[in-house]
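Presented as structure tokens, the chain that follows is alone, the form predicted on its own.
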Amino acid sequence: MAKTLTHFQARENAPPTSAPRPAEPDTDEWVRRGEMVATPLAVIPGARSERWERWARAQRHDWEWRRLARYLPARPSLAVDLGCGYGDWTARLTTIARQLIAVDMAPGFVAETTRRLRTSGHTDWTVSCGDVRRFVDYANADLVVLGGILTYLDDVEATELLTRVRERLSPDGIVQQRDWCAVNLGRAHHHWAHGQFRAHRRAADYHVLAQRAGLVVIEERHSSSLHAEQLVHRTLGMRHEGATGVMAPLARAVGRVATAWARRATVAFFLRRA
């Protein structure tokens, strides 16, 4: 069952974990990562196992792709990828979106995403190098993707970005978001690591931020539960959505129990206008 904001009404007036607004971020770390070979390690600061990150990233992408088929029209007019990284998700979007806009602050990522799109066969796309917090060169988007951006923004900046996104969504538009959250035994906190500001929020805090921006979370999954669901989908579910849906709750429960000790996890969200 997808979680909605009503599950967090007791917290709707409570602010997310706050911290002093950081100074203008140092972009050197992302510029450096943009010059790395296009692997998951380039977009996940601190990651050590390329093999694990590649597998986990593939599971998240496949799960999100299945959800897009549920929430979006078969052929969305405009998809916008904010913080596109090296373009693996952006390239996948070319198979469904009539028009595609992508942006990232790292020139190396922009160059790699551009290369991928040039070889995709898609013709109506734009890739820009710029600050995603202030990027507003789009309107009436059916899909806006936020790939881990809010983890590196404080609460004020995150709310401002979500508000800009909401103002540029089509009436039935969807926001696809994923962030690195505090879960289970972990504590929500803000800190600096690898030269970057990071906000490890509780998943519930993102519901509050969304509400402030005029959005509502319509689905949320921790990485452990979506990974378990993907394994069921590919095996017992035989890639059939109906069969997977019947068995998915048990798979998600097993996944949560297996990672009850975890302190951090990727959490995937889908949002829409409130």
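Start at 1 with the first residue shown and count on from there. Just so it is clear, the structure is predicted and the values come from calculations on it, not from any experiment.
What comes next is about the form predicted together with a small molecule, which is not displayed.
At a distance threshold of 4.5 angstroms between non-hydrogen atoms, residue 122 is out of contact with the small molecule in the predicted complex. Among heavy atoms of residue 131, some come within 4.5 Å of the small molecule in the predicted complex. The small molecule in the predicted complex is approached by residue 148, whose closest heavy atom lies within 4.5 angstroms of it. Taking the partner from the other structure, the small molecule in the predicted complex has a heavy atom within 4.5 Å of a heavy atom of residue 85. The partner is absent here; in the predicted complex, the one residue of 67, 57, 212, 222 having a heavy atom within 4.5 Å of the small molecule is 57. Taking a 4.5 Å heavy atom cutoff to the small molecule in the predicted complex, the contact residue among 117, 143, 100, 106 is 106. In plain terms, the part of the chain that comes close to the small molecule in the predicted complex, with a heavy atom within 4.5 Å, is 132-140 out of 198-206, 163-171, 132-140, 68-76.
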